[in-house]
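In structure tokens, the next block holds one chain alone, the form predicted alone.
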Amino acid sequence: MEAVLGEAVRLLDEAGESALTFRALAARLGGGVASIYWYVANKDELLDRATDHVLAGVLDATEGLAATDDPLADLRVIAVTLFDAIVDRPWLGAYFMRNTEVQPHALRLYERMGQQVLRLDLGPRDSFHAVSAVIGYVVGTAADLGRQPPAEVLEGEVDRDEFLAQYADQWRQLDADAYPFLHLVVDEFAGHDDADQFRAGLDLLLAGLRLQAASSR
């Protein structure tokens, strides 16, 4: 099973979900298509198990972290580690926790994040919403940032900074009275770093959770 899942992950990394067929996987493994069915029933199960195979690495990366006195700082470390994994593998976000029956590592990761929230002494509803909000932000943002770049960037016609500058120039031409917010943030948009933007948003989310925990005491 480990060999099957490892090769499935490599195929997904190279060319995405469309490249992962039982025929292509069997060819990589040097066997017949029928041999794959010894391990998984269909492609959906294969995708779920391949996702869980990668999430085992996220668990390993956060396993040895020493707990601090700040549960939200510890939650942030886990969230950033998951974010980095999904940015590197854009396909991963689509299958995260899709079927926890065959994704024990995903469930353990969810539990690990939840245990940090438990330390805030929130009620069941707020605890559930807190972890859901963090995971939704991490997975959604990482999947968006991991998408294939626009064609002109991919083909080398312009680099990322030049691509953003084109849109920034368009924003600057807009009526400032009609678009005051765009005029306020345009310089930040033009020079922003995606990873920094993610971390800033995560910090805002966690700051709100910290306030909620303080108000509930």
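One-based numbering along the sequence shown. The term rigid core refers to the maximal set of C-alpha atoms that superpose within 1.5 Å between the two forms. Please read all numbers here as calculations on a predicted model, not as lab measurements.
This next part talks about the form predicted together with a further copy of the same chain, which is not shown.
Using a 4.5 Å cutoff between non-hydrogen atoms, Pro71 does not count as a contact of a further copy of the same chain in the predicted complex. None of the heavy atoms of Tyr39 is located within 4.5 Å of a further copy of the same chain in the predicted complex. Contact check for Ala26: no non-hydrogen atom falls within 4.5 Å of a further copy of the same chain in the predicted complex. Contact between Glu101 and a further copy of the same chain in the predicted complex is found at the 4.5 Å heavy atom cutoff. The putative spot formed by Ala19, Asp60 and Thr81 is not touched by a further copy of the same chain in the predicted complex; no residue has a non-hydrogen atom within 4.5 angstroms of it. Between the options Val33, Val158, Ala165, Leu182, the residue in contact with a further copy of the same chain in the predicted complex by a heavy atom within 4.5 angstroms is Leu182.
Along 178 to 201, these residues reach a heavy atom to within 4.5 Å of a further copy of the same chain in the predicted complex: Ala178, Tyr179, Pro180, Phe181, Leu182, Leu184, Val185, Glu188, Phe189, His192, Asp196, Gln197, Ala200, Gly201. When the rigid core is held fixed, the Cα atom of Asp60 travels less than 2 angstroms between the shown form and the other one. For Leu164, the Cα coordinates differ by 2 angstroms or more between the shown form and the other one after the core has been superposed. Gly191 shows a C-alpha shift of 2 Å or greater between the shown form and the other one [criterion: core-superposed Cα displacement of 2 Å].
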